[in-house]
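Coming up is one lone chain in structure tokens, specifically the form predicted alone.
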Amino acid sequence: MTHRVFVIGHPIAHSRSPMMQNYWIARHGVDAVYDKLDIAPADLADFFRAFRAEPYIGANVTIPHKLAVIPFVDRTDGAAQAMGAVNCLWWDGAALVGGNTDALGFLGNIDAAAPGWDAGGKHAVVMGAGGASRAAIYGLLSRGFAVSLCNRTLDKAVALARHFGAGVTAHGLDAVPDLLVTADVVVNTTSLGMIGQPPLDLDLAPMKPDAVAYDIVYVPLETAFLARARARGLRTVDGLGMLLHQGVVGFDHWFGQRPDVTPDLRALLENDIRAKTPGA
């Protein structure tokens, strides 16, 4: 029987997860197919009834469902509990597990792109207090970093800092220039810089010369923020690798095999992004 796996979201047409996962499925000779499904929030309960009835072997979860799916699973893993969000579903016997592989993707990406990034100082500035910032914060805390969380709406930053507790402080955007002086890593988790959005406007001049600039946006592949960081001489990490590395863990949960993030796979996704997104 051909196994079926999905990524669900609303909207979902832009997702590159099927291209990535089907590449690994072919490479590993797995009898499976990975699809994308546009599931509106009102249809989430119906999706889970169908998911359990088949049963399907797993799924990824993206915006806007990462919190909404939690009541539909039997249990969540430690990462999902700590982040308060689910991005991956798999079966453990008869139990449907909601897990979160985003932090592993965040760390796997920066480990590969900027080796030794966490060997020196331990101060990170995270821009944005939305869902994506949870993975960055959780990953950074796991490596011993103190996180300065900066957001346009201070109340949202305060609430998220309280969720994580010790090690995370909340700040408004007015504090960013001073915080960058001591930052070893600065991470953009907002949509600023994405195609169709205004750029993330940060003055990177105060930053240490060996600091790392990380942008979770991957369309375009190099945002204006990363281009300025590279021109400044900083090490840069784009968001495409985060997508790739978080996908590795999901594949392992579903098929019991751990795929590699190869240059060929990255080139496949890069070419698709460039072909479908003028200016990317």
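All residue numbers refer to positions in the sequence shown, first residue = 1. Keep in mind it's a predicted model, so treat the numbers as computed, not measured. What we label the rigid core is the largest C-alpha set whose atoms superpose within 1.5 Å from one form to the other.
One more form of this protein, predicted in complex with a small molecule, exists but is not displayed; see below.
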item	value
Partner-contacting position among Ala113, Leu141, Leu192, Leu179 - heavy atom within 4.5 Å of the small molecule in the model of the complex	Leu192
Leu243, heavy atom within 4.5 angstroms of the small molecule in the model of the complex	yes
Contact test in the model of the complex: Gly128 vs the small molecule, heavy atoms, 4.5 Å	yes
In the model of the complex, Ile216 touching the small molecule (heavy atom, 4.5 Å)	yes
Leu107, heavy atom within 4.5 angstroms of the small molecule in the model of the complex	no
Per-stretch contact check against the small molecule in the model of the complex, the hit in 146 to 154, 201 to 209, 163 to 171, 93 to 101 (non-hydrogen atom, 4.5 angstroms)	146 to 154
CA of Ile63, rigid core aligned, shift of 2 Å or more between this form and the one not shown	yes
